[in-house]
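Below, in structure tokens: the form predicted on its own, a single chain.
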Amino acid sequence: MSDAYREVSRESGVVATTLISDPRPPTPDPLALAPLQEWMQSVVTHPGDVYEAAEAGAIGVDTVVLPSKTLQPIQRVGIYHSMYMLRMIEALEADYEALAYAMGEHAFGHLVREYVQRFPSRSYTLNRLGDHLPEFIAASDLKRKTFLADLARLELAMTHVFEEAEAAPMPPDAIASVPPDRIEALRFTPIPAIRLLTFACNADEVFQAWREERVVEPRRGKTWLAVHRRDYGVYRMPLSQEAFTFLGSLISGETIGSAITKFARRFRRMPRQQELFGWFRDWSEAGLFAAIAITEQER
């Protein structure tokens, strides 16, 4: 036994066995499943090369991995070590195609290697792996980091919108059926698949040019955008600052009356009737709202 020994007594012809505890702690079994899994994960995800990863591990590679006809144990583990990072790069490139193109293959791969050390995968799926990439870029020392972070935010919003729950939009004529004296009391329920974004650069223009295989240089200047999904297609709607502000109030739960009041305070003027008509026409046709309701307290 590893943690006890037998003491045999033959008094009166009776054989007795007593178990006495060994004060020494048990030796970890390298072949036990949990420590083996932890070791494999630490080696595969190590930021250095496979030799550095093996030296940092708690279990010797030769202890748990046999050589093949052509590869030594460290080389066999090295295959998984290399493939892990390639898989991380591949997964993020799928969500950030325009960003990867803008940065170039080498720079994007270097970015991913640094990023996954700070934000490693914590889920059974890689769908959420890139959720922190825009903020990681914004806090980095990359050249053009403001533009790159904006471009990443745009692509992340498109991913999130695509994965949101589907909701049928309200009929295009729903607002027209409301009595004029109740319009100010209207409150809107937005579809889940919508995001409003403010950029410091022309990220959406650069993204569109990339899709059309054209080149547009990044430039500073605030822009506003609504990203939404309808019938499982993702759309991008450029907005003026005024339209963005008004739509943001409605999406946050404000009534039309309250949104008009906030608009007037912000821009020191009332929204023009023609503006409101055009905004609601475009937003209704795009299916940005799932329902409307007249608030009881404002009747």
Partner chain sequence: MNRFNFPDLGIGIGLRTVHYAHILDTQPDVDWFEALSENYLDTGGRPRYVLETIAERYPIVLHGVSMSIGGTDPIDFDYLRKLKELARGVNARWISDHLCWTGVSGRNVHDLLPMPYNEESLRHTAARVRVISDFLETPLVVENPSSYVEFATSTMTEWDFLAALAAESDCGLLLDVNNIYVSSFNHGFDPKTYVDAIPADRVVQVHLAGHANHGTHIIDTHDNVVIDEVWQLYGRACARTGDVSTLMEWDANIPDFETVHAEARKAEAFRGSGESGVGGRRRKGSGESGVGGRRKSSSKSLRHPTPDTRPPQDAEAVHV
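Positions refer to the first chain, counted from 1. Please read these numbers as outputs of a predicted model, since none were measured by experiment.
We do not show the form predicted together with the partner chain, though everything after this point is about it.
Q: Given that the partner is absent here, does V215 sit within 4.5 Å of the partner chain in the model of the complex, heavy atoms only?
A: Although the partner chain is absent here, V215 would stay clear of it in the model of the complex, with no heavy atoms inside 4.5 Å.
Q: Although the partner isn't part of this model, could you tell me whether R236 comes within 4.5 Å of the partner chain in the model of the complex, counting any heavy atom of the residue?
A: R236: contacts the partner chain in the model of the complex.
Q: Against the partner chain in the model of the complex, would P120 count as a contact residue? Criterion: heavy atoms within 4.5 Å.
A: Answer yes; at least one heavy atom of P120 falls within 4.5 Å of the partner chain in the model of the complex.
Q: Using 4.5 Å between non-hydrogen atoms, is A176 touching the partner chain in the model of the complex?
A: A176: no contact with the partner chain in the model of the complex.
Q: Of A54, I251, I260, V44, which residue is found within 4.5 angstroms of the partner chain in the model of the complex when only non-hydrogen atoms are counted?
A: Exactly one residue meets the criterion: V44.
Q: Of E135, E114, E97, E184, which one comes within 4.5 Å of the partner chain in the model of the complex, counting heavy atoms only?
A: Only one listed residue qualifies here, and that residue is E97.
Q: For a quick test of understanding: in the model of the complex, does each of A107, A157 and F277 have a heavy atom within 4.5 Å of the partner chain?
A: No, the candidate spot makes no contact with the partner chain.
Q: Where does the partner chain sit in the model of the complex: which of 168-176, 125-133, 138-146, 216-224, heavy atoms within 4.5 Å?
A: In short, 125-133.
Q: With the partner chain taken in the model of the complex, which residues across 40-79 come within 4.5 angstroms through any non-hydrogen atom?
A: Heavy-atom contacts within 4.5 Å come from M40, Q41, V44, T45, T63, V64, V65, L66, P67, S68, T70, L71, R76, V77, I79.
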